[in-house]
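The chain below stands alone and is given in structure tokens; this is the form predicted alone.
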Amino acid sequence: MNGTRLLVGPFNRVEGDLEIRLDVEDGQVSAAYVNSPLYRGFERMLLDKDPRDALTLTPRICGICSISQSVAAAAALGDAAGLPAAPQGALVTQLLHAVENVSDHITHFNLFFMPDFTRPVYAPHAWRDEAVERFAALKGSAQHAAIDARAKLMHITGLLAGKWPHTLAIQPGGATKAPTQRDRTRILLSLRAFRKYLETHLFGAPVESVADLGNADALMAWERGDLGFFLRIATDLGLDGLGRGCGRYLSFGAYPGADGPLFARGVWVDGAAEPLDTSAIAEDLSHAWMLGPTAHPTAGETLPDEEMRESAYSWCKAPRLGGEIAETGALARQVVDGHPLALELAQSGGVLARVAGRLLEVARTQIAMERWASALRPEEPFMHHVDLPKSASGAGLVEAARGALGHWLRIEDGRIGAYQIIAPTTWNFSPRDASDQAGPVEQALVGAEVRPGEDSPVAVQHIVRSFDPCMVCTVH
């Protein structure tokens, strides 16, 4: 397949619309161009609204990471008001956010990623029949176990948030629901049940033994549970070398507490952690159907290019940090946090690394959720009253399941004068910029195998899904 062009999309088992144009030479991808073909315009909807409307509107950007949007909006409003949330309210917010993120990871692994290994193309492989038994859509035993465990874990959001998605329980001053001692007990029981799922099905061993994995050799020697099964497939297919990333990782820091975030804030470049300078963030519009200059989100606008100029190919803007691309997500969080296994995985940074990083984070977050639930004190206040100023600006920088999520807000005369959002998939699935620098996924796809007759190459599917895209968040 020399010098051919292939359009892949729409993708199934991806939240939202996605298509990718591939240039193929000698059976490999030589260049990729990622298009987010759906423009939604939430940033424009927010203009001139009461600032508190952001708490209602932004969670509706997505039904999967709704709480992440709530947390970012509340943080931006709290930053504008200059008042931190009540400590117990902040603890509830951490717990709710972690429950959603872990649920996303479990859903991605079982329902979005692993079913690709049931494809007929893998029939010659010894593990394929087992993959079908465990991960076939709607039928797989592992899928049923995961869906049941996820549903029971999400009971916590009912107790603390009233509903999911699109809760209004998370506010700049804390959380609206003060849990009772009975609620606290029920939360701990829910977490105990989820731990049982992890230790019976996903890991096949104590959660702590996964969280404590110290290097890649220890990981690859793991044979138990769904994790062990995935690693067997990954070894057979060489997934460690497939879809290698750019080597730059970004995290806004996850689950902030009195002693700092659970997972550190920063960037990881050329094998070393560096402080994060958020003033160096800018969104390039040169290949997006958007109008305006390259700018920091505080000065950015969302003006769709109705003419859809030919030099552009996506509705997605191109976020850059100091002019460079950066990958974000669970692997990035664990790398920036300095976990030894993640640091080794980052040396390859491919499909295996991203999936393993996500499962490592599940184990570490489970331990933290149990600690936070035990620390709930129903007798203490969960909410501060917050008066928003007539004019102010604020930023809410959080970590959604898929990576760094930022909300930048400006209040003018008591109304929203500007609101800009950069979602994780905006970072990862960005188009080229003015210097023709490809986005993270576009770079990761180069070199992927395209077999004769493939119109939706399975290697491309693995790479794309390893980033766990949420396209409805991308253009918002």
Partner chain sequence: MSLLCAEDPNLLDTFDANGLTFLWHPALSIETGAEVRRLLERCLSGEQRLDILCVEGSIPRGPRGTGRYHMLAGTGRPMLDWVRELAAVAHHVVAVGTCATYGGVTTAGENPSDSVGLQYDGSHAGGVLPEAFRSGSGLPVINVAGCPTHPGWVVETLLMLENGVLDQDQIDPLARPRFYADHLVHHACPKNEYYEYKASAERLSDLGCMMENLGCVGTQAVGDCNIRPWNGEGSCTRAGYPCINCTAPEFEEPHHAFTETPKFAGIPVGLPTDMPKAWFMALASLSKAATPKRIGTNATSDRIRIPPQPKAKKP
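Predicted model, so just to flag it, every value in this text is computed and none were measured. Positions refer to the first chain, counted from 1.
The protein also exists as the form predicted in complex with the partner chain; that form is not presented, and the subsequent description refers to it.
**Q** Checking a candidate spot here: are 107, 178 and 315 all in contact with the partner chain in the predicted bound form (at least one heavy atom each within 4.5 Å)?
**A** All three within 4.5 Å in the predicted bound form.
**Q** Does residue 259 reach the partner chain in the predicted bound form, with heavy atoms at most 4.5 Å apart?
**A** Residue 259: no contact with the partner chain in the predicted bound form.
**Q** Is residue 263 close to the partner chain in the predicted bound form, meaning a heavy atom pair under 4.5 Å apart or at it?
**A** Answer no; every heavy atom of residue 263 is more than 4.5 Å from the partner chain in the predicted bound form.
**Q** For residue 164, is any heavy atom within 4.5 Å of the partner chain in the predicted bound form, or not?
**A** Taking the distances in the predicted bound form, the answer for residue 164 is yes, it comes within 4.5 Å of the partner chain.
**Q** Closest heavy atom of residue 171 to the partner chain in the predicted bound form, within 4.5 Å or not?
**A** Taking the distances in the predicted bound form, the answer for residue 171 is yes, it comes within 4.5 Å of the partner chain.
**Q** Which one of these stretches, 217-225, 142-150, 74-82, 388-396, sits within 4.5 Å of the partner chain in the predicted bound form when only heavy atoms are counted?
**A** Flagged stretch: 142-150.
**Q** Select from the listed residues 232, 155, 125, 296 the one whose heavy atoms reach within 4.5 Å of the partner chain in the predicted bound form.
**A** Looking at 232, 155, 125, 296 one by one, just 155 meets the 4.5 Å heavy-atom criterion.
**Q** Would you mind picking the one in 237, 111, 188, 375 that has a heavy atom within 4.5 Å of the partner chain in the predicted bound form?
**A** In short, 111.
**Q** Scan 247-263 and write down, in order along the chain, each residue with a heavy atom lying within 4.5 Å of the partner chain in the predicted bound form.
**A** Residues within 4.5 Å: none in this stretch.
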